[in-house]
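The form predicted on its own is given below as one chain in structure tokens.
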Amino acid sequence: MQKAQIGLIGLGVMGANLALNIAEKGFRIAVYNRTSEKTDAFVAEAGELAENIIGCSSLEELANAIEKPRPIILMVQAGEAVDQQIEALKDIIDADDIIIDAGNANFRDTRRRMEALRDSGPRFIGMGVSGGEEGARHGPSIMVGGPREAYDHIKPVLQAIAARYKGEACEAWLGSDGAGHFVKTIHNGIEYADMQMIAEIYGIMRDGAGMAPAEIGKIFERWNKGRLNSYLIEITAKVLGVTDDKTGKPIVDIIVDRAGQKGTGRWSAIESQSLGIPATAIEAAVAARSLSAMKDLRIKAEERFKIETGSIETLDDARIAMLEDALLAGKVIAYAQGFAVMTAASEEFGWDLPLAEVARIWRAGCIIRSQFLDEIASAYEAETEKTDLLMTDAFSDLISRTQGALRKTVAESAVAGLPVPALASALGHFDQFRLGRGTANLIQAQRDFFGAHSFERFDAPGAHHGNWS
């Protein structure tokens, strides 16, 4: 029997769709699932693609079914399950084989696993995959970290299965050890901020202007044809136009306002703090999800405070354009924060992340794909040194044009009692970012007063103390 070119462990929704994608692109793939019935059902339901799929009932059978050196993708739950799978494979496969963790792993776990396998093998790759079920099946964005030679071996498969933007495959090797999973983590952090800002604009229209979901959806649909063109804006328009089969009401109105999270957004906020890089829009979005989960407490707080939400002025074309610009400004600031975190991590961990390449592979397949990622790629290509996205010519001009709309939107929302934490955090970041002289001098004076931490002076070098006594 002809052997497979690659293997895959874990036939959940993402694993199954990725396996079908690989088989459809003409590669023979061996698959294994802990529950053999699931493997059998997967092969039986694969239709014509089954001829490129080898179903295996054990890890030994899987290893024997793949050409050496064997690349094996893990699509299992992040955490302990990955460690268990690596341990199980170590005694079965060879030192030059390749284990590819394609789950949403914490990049620190990826670095630890790679270090543990460095001397004894097999080779290890941490691979971020974005695009959800649809992306896995028809073309995701793929972010790879690990040994370059291991990536080169699997590159033909990755190029074939990745999403495409104007003919270019949205996949890339981004650096050693955990680089791929770190970039995926920041992708998800930006995704959190993007979704939260969209929800805040929706809240202004719903609660401030009293608009119906379908009416709001038409505005998002129009925005998707302009500068805000993106996957998240597109699906927002669609979601707001759907009617619930059971009640006949807009489906968004019968969904409980309690958002879930799986950890990657939280990791992005933690890592930004660890690196000392402000990512306030991402942090606000993570906090907003956590607060959304406190539904019972929020109901009690509403009864306790009894503060009426105010209305805003009628949303004529000019004011709708203002909200469009406000959302664009907020999104750009969130992206800038995410790229700043990646820049710092690249220096900290020695990855030399190609930021223009990151923007390019996010242009299709992934959840945050949007029109201006092309502009981000061009902006970073034009810079001789890595700089903050807001300081590039294209985006400094854009923010200069739209910051007034963001400022007015946040101000009016605050007066009306409409929560816009991510948009407000983005504005706060920009306002502090653009001032050459801020207020931290007072903080330094306080620190020196209570802890003798010292401060710098404008008129003399070195560390100084105040005559507080």
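Just so you know, these numbers come straight off a predicted model, no measurement behind them. The first residue of the sequence shown is number 1, and the count goes up from there.
Form predicted in complex with a small molecule: not shown, discussed below.
Residue contact with the small molecule in the predicted complex: Ala23 places no heavy atom within 4.5 Å of it. At the 4.5 Å threshold, heavy atoms of Met75 reach the small molecule in the predicted complex.
At the 4.5 Å threshold, heavy atoms of Ala445 stay clear of the small molecule in the predicted complex, well away from it. A residue is said to contact a partner when one of its heavy atoms sits within 4.5 Å of a partner heavy atom; Gln85 meets this definition for the small molecule in the predicted complex.
Interface residue among Ala81, Ile270, Leu291, Ala237 relative to the small molecule in the predicted complex, by the heavy atom within 4.5 Å criterion: Ala81. Interface residue among Ser58, Asn441, Ser400, Thr35 relative to the small molecule in the predicted complex, by the heavy atom within 4.5 Å criterion: Thr35.
Residues of just one listed stretch (424 to 432, 408 to 416, 46 to 54, 26 to 34) have heavy atoms within 4.5 Å of the small molecule in the predicted complex: 26 to 34.
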